[in-house]
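Read the single chain below, which is given as structure tokens and is the form predicted on its own.
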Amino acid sequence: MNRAGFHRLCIVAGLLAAIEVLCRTGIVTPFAMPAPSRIVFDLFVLLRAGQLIAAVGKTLHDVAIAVVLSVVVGVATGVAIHRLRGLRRALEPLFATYYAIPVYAFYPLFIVLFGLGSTPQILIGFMLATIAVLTSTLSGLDRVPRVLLRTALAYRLSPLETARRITLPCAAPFLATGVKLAVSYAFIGVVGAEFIMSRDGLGYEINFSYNNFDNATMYPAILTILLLSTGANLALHRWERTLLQRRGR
């Protein structure tokens, strides 16, 4: 573990210890929040009983579909419009302000069109994640050395072959950043949509537990989301570092 990782670990441990003390001394009441150690124990009990397994599986399923769709659409769109300078100049202001759009406002429309299943949640996650992948793809393609593009012209590669053999591999570190952001946004989109109107998933479990004052389920479900999203981002961060190291950065 490097120094930065050690410092991060110390900060997190210090915050957890402070919260534990506040909860154990009664400054923070159990009705408001159980102690972190109690939350971990309750999570173990729920997982052992199998109560959150179905919710975790449903949320991960929807997040995975949203991420895959956003990566495919974001990368393909980025490659397509990168060569179309006029179209890109017209769209870039929209990309810059995209996250000012209240995406959840479309949720009632998605429910009318697709019902109360997983599709509305997947679409919300997809909408939030795609632009992050697209902008990362454009940033990566902008940094491809011109000599490589000239090599592609010399070998008379088609645009598809150029993207597959040269530009996308060269832009891989930026694509990794886009995928990492896509995972974060997909979790936000899917879990947030499950809060609004869903019959299953971790977001539904948290909302249902909150309305029924069931802290023994709500806080472990929140901790589960934190663990899943943090674990996925750490794995993607390692992948990103590996790509950068291969390029001597």
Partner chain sequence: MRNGCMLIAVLLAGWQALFQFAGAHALSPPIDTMLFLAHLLGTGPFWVHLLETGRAFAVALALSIVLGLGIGLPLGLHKYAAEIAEPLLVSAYAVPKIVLYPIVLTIFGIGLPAKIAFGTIHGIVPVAIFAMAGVRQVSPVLLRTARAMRLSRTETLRCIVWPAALPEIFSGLRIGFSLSLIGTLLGEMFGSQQGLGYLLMHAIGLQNVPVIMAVTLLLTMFAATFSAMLLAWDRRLHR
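Keep in mind the model is a prediction, meaning the values are calculated, not measured. Numbering follows the first chain given and starts at 1.
Keep in mind that the form predicted together with its partner chain is not shown, yet the notes after this line are about it.
Would you please decide whether residue 143 lies within 4.5 angstroms of its partner chain in the predicted bound form, comparing each non-hydrogen atom pair?
Looking in the predicted bound form, residue contacts with its partner chain do not include residue 143, since no heavy atom lies within 4.5 Å.
Residue contact check: residue 180 to its partner chain in the predicted bound form, 4.5 Å heavy atom:
Taking the distances in the predicted bound form, the answer for residue 180 is yes, it comes within 4.5 Å of its partner chain.
Even though the partner isn't displayed, in the predicted bound form is residue 43 close enough to its partner chain, meaning a heavy atom within 4.5 Å?
Because no heavy atom of residue 43 falls inside 4.5 Å of its partner chain in the predicted bound form, the answer is no.
May I ask you to state whether residue 226 is within 4.5 Å of its partner chain in the predicted bound form, using heavy atom distances?
Yes, residue 226 sits close enough to its partner chain in the predicted bound form that at least one of its heavy atoms falls within 4.5 Å.
Considering non-hydrogen atoms and a 4.5 Å limit, which listed residue (153, 84, 72, 109) is close to its partner chain in the predicted bound form?
The residue from 153, 84, 72, 109 that makes the contact is 109.
Sole residue of 35, 60, 222, 68 within 4.5 Å of its partner chain in the predicted bound form, by heavy atom:
In short, 222.
Of 96-111, which residues get within 4.5 Å of its partner chain in the predicted bound form if you count heavy atoms?
The stretch 96-111, when checked against its partner chain in the predicted bound form, contributes 96, 97, 99, 100, 101, 102, 104, 105, 106, 108, 109 at the 4.5 Å heavy-atom cut-off.
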